[in-house]
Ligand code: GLA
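One chain follows as structure tokens, the form predicted on its own.
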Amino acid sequence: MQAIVPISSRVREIYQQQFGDPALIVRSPGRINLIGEHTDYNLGFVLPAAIDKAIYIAINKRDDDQILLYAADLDQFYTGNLHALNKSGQQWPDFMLGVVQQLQKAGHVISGFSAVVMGDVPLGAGLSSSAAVECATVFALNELFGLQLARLTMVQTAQKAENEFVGLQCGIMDPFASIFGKEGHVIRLDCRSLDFAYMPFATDAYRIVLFDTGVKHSLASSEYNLRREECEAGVRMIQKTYPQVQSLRDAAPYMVNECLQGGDPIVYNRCRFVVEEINRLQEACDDLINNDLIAFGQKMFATHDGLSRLYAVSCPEADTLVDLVRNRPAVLGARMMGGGFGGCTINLVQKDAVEALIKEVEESYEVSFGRIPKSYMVTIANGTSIVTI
């Protein structure tokens, strides 16, 4: 039986073939989010965790201003210059170039560098492979050039790279989970104050199973940014009566009903979902404290229904995957995860029922959509770090 070579070893070997010896290798994980979707850019709460699937970057300095990048999984190269940062037209280099741009804006001086990037975070599955690339890049450049950035600064740099260079107005959750992840814990993050707490997530009897719809979403599409605009429109309407409301985090359900019901039904539905979701997450944290995973799981189902019916970011494939497991005693909770319009559903499943569930879901999904969904079992892992080989 052939031994499986760790990704960290493979990325090092590929770097050696392309550029020589790397100075260091950095691992930055993808993330799941148990509950609290589309609440981050509304300054609410989220409950993410880093996972055991990650992006790896091997990197070293150059003596010139060139940036040479190689995406091993895609077999694609990028060549550019520190002083002429433009969108690549290939998308994947943009997540790295955006980080470079932000470091330069902050006054940090770096030289050119060569990097190889690869990993096992499924692309387009809603596990935030883009944030993992950004976090791996900023962490690696921080180490390589001795920038002495705090972890929170790295998180904010990654977010700004996506907002300003890539063009997606994402919140802070994805890079925060990637950088601050802790094995065996979820992160209760206040997206307004950035206060956070690690909460033990006891999954000895349960497994986190992801079913991939096979529908590739592009978060940089207009729909994601449109949702943000709809929420901001709702806030402006609420402010006319309640000027203290600065974001949907500040709004109570009665404010949404009083100020938005009877107006634009789309804006009402968007804001209703977000306010309900912020409250639902806080109640879900109480469930975790009380070790009541059954109640927690029911809130996952409620989140999915809100995302599908009120926030309108689901798709028939994700709705079907949730409906297939909804009334199974072995499944405590399930919902679509990530920005929406594809990607994965996340399922909390009794560990002795996982194998049978996957088989049954595969068969039923194939009947409906003509293809078998990929499934992944993930565990909660530590955040971004240097890899020692």
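The structure displayed is predicted, hence computed values, not measured ones. All residue numbers refer to positions in the sequence shown, first residue = 1.
Only in words, not in the display: the form predicted in complex with the ligand, which the text now covers.
For the chain shown alone, residue 339 is a contact residue for the ligand in the predicted complex, at least one non-hydrogen atom being within 4.5 angstroms.
The ligand is not drawn, but in the predicted complex it has a heavy atom within 4.5 Å of residue 40. Contact annotation: residue 248 falls outside 4.5 Å of the ligand in the predicted complex, judged by heavy atom distances. Contact annotation for residue 170: at least one heavy atom lies within 4.5 Å of the ligand in the predicted complex. For the candidate set 78, 224, 165, 206, a heavy atom within 4.5 Å of the ligand in the predicted complex is found for exactly one residue, namely 224.
Screening 170 to 178, 111 to 119, 297 to 305, 278 to 286 for residues having heavy atoms within 4.5 Å of the ligand in the predicted complex returns a single hit, 170 to 178.
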